[in-house]
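First, one chain by itself in structure tokens, the form predicted on its own.
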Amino acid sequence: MRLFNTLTSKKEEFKPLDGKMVRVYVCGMTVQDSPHMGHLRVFTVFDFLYRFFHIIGWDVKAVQNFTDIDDKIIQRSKEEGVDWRELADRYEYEYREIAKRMNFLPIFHPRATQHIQEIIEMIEKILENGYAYVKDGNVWFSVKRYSEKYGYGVLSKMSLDDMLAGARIEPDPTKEDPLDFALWKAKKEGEPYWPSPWGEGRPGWHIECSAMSSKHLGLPFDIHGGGRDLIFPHHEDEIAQTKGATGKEFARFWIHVGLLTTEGEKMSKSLKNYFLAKEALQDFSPNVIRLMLLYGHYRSDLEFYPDKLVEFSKAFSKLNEKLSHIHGDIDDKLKSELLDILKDDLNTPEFFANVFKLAESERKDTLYTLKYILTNLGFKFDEDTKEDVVLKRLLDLREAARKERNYELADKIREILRMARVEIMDTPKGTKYRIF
């Protein structure tokens, strides 16, 4: 198994540190709003990876946090006039419901506010080691002091000058250096807070993930992942904080998923060009969404437009038609060949190209092998999609019209289906159709 490691900028042989147990941390939702398709791409890729690990014989301990306190949540709660905890509960519940619909494996989801003590203890260690300072109740991580010993920018491959030129710098008069970032933020009027050795306040964003991943996975762990947009500053800062506190290696492999784009721009709430996951699930099956999000290679950006789901709906319908009721024996040679493709840094483009080519076969062992692998990778067969149900009802209605010699209605249904790119073929063995 080879995976591309952002830390080393190359593919490397991957094996879990602890025998057959892979320990993975993925940065999860900041629960101030509904998840959009860009979020869903990241979590679908990692669900696919966990499932692939299971297929090849490894167990997985996966942690994906909920950031339930930060500036965005506080701002949104003020805008809506609701308590920040109510807001976080609402969107955490919504994410969990979407995860169930998407057939994601159940994993552990810690909340940042459940780990205030661990966060404070980690900050204390960073202060003791000389990589942070306190000013007016704020605790700032000193990038310069840390960089002098360990180097800062190991993940992003950016120099300090580049960071200053292009970074989203948080201005504050209590900072010694523009690149320094908050470990603890002093209490502000009307904001939630917790007691600490430096006064009442709340944690910075980056330290939350360092504390949660260290507590639940130990150090070092196997894989840290998330969207590519988190490489800098979030993941860079996680590395610095964790090493600054413990002196230990953090994560061995860093896996980053490319952006979901619309018209070449990153899908995001701030750009208002996002498409909500719950809206997609109203009209399309989780199978279709999973296929669309996995069809391109996970490290590449993926262009999204709503009609793309229509295209993949047709593709999955063909697959579902061939595999849904197939039974037989597994072709072990074919299974091994297909899994070997995925062992090369999850090469899903080549994998799915082979799947659709092999799905044209009439061999039961070939088709059942495809069904076995795809089912284990999170797809569901032996159940009709919404599109299949509608199509079946139209075909049944047309068949009833023909039996009643209502050929005008039968022809009208045929024409409607043809407009939807479904061709009807009446044969001695019954009515068949194909999507073109």
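Whichever C-alpha set is largest while still superposing within 1.5 Å between the two forms counts as the rigid core. Note that residue numbering begins at 1 and tracks the sequence as displayed. This is a predicted model, so every value here is computed, not measured.
The form predicted in complex with the RNA is left out here; the points below concern that form.
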(message) Against the RNA in the predicted complex, would P195 count as a contact residue? Criterion: heavy atoms within 4.5 Å.
(response) no
(message) Please tell me whether any heavy atom belonging to E350 falls inside 4.5 Å of a heavy atom of the RNA, as the geometry stands in the predicted complex.
(response) yes
(message) Although the partner isn't part of this model, could you tell me whether G264 comes within 4.5 Å of the RNA in the predicted complex, counting any heavy atom of the residue?
(response) yes
(message) If we define contact as a non-hydrogen atom of the residue within 4.5 angstroms of the partner, is V82 a contact of the RNA in the predicted complex?
(response) no
(request) Decide yes or no: are R76, Y93 and K278 jointly within 4.5 Å of the RNA in the predicted complex, with each residue judged by its heavy atoms? (result) no
(request) Specify the contacting stretch among 314-322, 123-131, 281-289, 94-102, defined as having any heavy atom within 4.5 Å of the RNA in the predicted complex. (result) 314-322
(request) Report the residue, out of D365, D89, E200, D162, that has at least one non-hydrogen atom within 4.5 angstroms of the RNA in the predicted complex. (result) D162
(request) Could you work out which of E249, D340, D172, D229 is the residue within 4.5 angstroms of the RNA in the predicted complex, going by heavy atoms? (result) D229
(message) Within 4.5 Å of the RNA in the predicted complex, counting any non-hydrogen atom, which residues from 34-59 show up?
(response) H36, G38, H39, V42
(request) Would you tell me if E12 moves between the shown form and the other one by 2 Å or more at its C-alpha, with the rigid core held superposed? (result) no
(request) Verify the C-alpha shift of A401 between the shown form and the other one: is it 2 Å or more after superposing the core? (result) yes
(request) Given a change of 3 Å or more, say if the Cα atoms of E423 and S361 sit closer or farther in the predicted complex than in this form. (result) farther
(message) Distance change of 3 Å or more between the C-alpha atoms of E279 and R418 in the predicted complex: closer or farther compared with this structure?
(response) closer
